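Only one chain comes next, encoded as structure tokens, the form predicted on its own.
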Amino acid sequence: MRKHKSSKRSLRPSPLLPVLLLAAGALAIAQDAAEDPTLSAGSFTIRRFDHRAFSEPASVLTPKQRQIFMAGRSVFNRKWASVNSLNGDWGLGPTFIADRCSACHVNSGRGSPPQSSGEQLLSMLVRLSTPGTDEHGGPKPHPNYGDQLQNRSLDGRSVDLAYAGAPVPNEADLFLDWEESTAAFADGETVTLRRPKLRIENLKFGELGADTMTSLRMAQPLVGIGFLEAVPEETILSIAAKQRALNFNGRPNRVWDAVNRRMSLGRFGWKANVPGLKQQIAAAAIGDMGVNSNLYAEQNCPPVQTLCAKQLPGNFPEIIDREIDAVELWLQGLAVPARRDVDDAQVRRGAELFARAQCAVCHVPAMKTGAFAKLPQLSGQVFHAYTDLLLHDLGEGLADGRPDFGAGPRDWRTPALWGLGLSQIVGGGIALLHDGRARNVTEAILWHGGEATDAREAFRRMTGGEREYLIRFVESI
């Protein structure tokens, strides 16, 4: 988790770093102990650990807020359809990836790769860009395919299943194959790692071109996402400064804020390329479902896609501001499952090993929200998401080769870890890292490189029992 202007400069950590990390972790635990060490998100913590663990409202919501929360949940689960269908709300497409938000975020959880080589991507997408930047300094879209590939489309059928017009072609068919390799621990134990190989077939509007950059992105879990929006920018910048003092290089991403029409600090997305939840909602609506809004009015129809452009829109806007506001409050009001097994000796030992391996530099154990007018109950809350919301160079092994505003080809935002141990229960699977290659915590750690090489190597040198303790801790967060 370190990066320097010169690659020749020593990457050795400060000898005081383990002590500093343990002290910081102990302080966070002490602050919580006055209340309850299981509290992951202050008054937003919930004692629920089944498939609904990521989907429930915080108990502190007012009756009016709860009403809006339920309306937002309804929009999130809404099935969108074409204007020729009565089986859903009008507005889907013309091209899309899924017909509802919950198809990718099952029970508000993380996505998963296809189960077989013949199954198309659903809760994953493929970002596209070409060399250069757009007018705001972000990725430059492909002229024929836009900023992501759409592998589904409207088929032109009317409500009586007769064809009302020519089917709109999807842009391509998207599949994954896997390449395997073996990694070994210092004690001789081996692990099989896998790397996805994107297979793009049946491109409808010409080849992508040799200079086109692609990036696989998996749907992230939504648990506690409101807390990440409520952290003051000063806190995030302060963490970056402290990391630099420890010879680390976490960096904020400055991105285009389409809501406020200015550059802002990025918080969401795998490369911290989205500044706020409202923009995230509207961008996902148009990008993943072809549902337009006042924020993103144009459909995903590049000039060469003539049948797409001729498709009758469902309405304008297809998702109205009030519905976006409701989904925004739904995300902000989601409760967070309590921390588990906090008194277990192995879990506590795992926490010590986590800090000693330097994982806690980037996966920051505790943060605090500031004043948050959109949902005042979020204000002043200590929470334990285990992220810093900063970009880090994770090495060539995880690189997608695609820049995104200030994020380089090897840079990724530190993902939050809370709720990770419930992923299988909530969504039926656990697939980690931006492209779902890691099938468990062990594999995810072993893929870390670049600035995280020392942390990975510390894990690799642990005994089998120590590795198990660390994993148990991560899964208890």
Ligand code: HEC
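Don't overthink the numbering: it's just position in the shown sequence, from 1. Quick caveat: nothing in here was measured; it's all calculated off a predicted structure.
Heads up, the form predicted together with heme C isn't pictured, but that's what we're talking about next.
Partner contact for residue 194 in the model of the complex: heme C, 4.5 angstroms, heavy atom: Flag for residue 194 set to no.
Close approach of residue 414 to heme C in the model of the complex, 4.5 Å, heavy atom: Residue 414: yes, in contact with heme C in the model of the complex.
Applying a 4.5 Å heavy atom distance criterion, does residue 363 contact heme C in the model of the complex? Although heme C is absent here, residue 363 would touch it in the model of the complex, with heavy atoms inside 4.5 Å.
Although the partner isn't part of this model, could you tell me whether residue 384 comes within 4.5 Å of heme C in the model of the complex, counting any heavy atom of the residue? Residue 384: no contact with heme C in the model of the complex.
Which one, 298-306, 205-213, 178-186, 353-361, holds residues whose non-hydrogen atoms are within 4.5 Å of heme C in the model of the complex? Single hit among the candidates: 353-361.
Heavy atom within 4.5 Å of heme C in the model of the complex - residue from 128, 326, 83, 218: Result of the distance check: 218.
Sort through 174, 281, 231, 168 and report the residue having a heavy atom within 4.5 Å of heme C in the model of the complex. Contact check passes for 281.
In the model of the complex, does each of 269, 444 and 455 have a heavy atom within 4.5 Å of heme C? Yes: each residue has a heavy atom within 4.5 Å of the partner.
Quick one: which residues from 381-396 get a non-hydrogen atom within 4.5 Å of heme C in the model of the complex? Sequence-ordered list: 392, 394.
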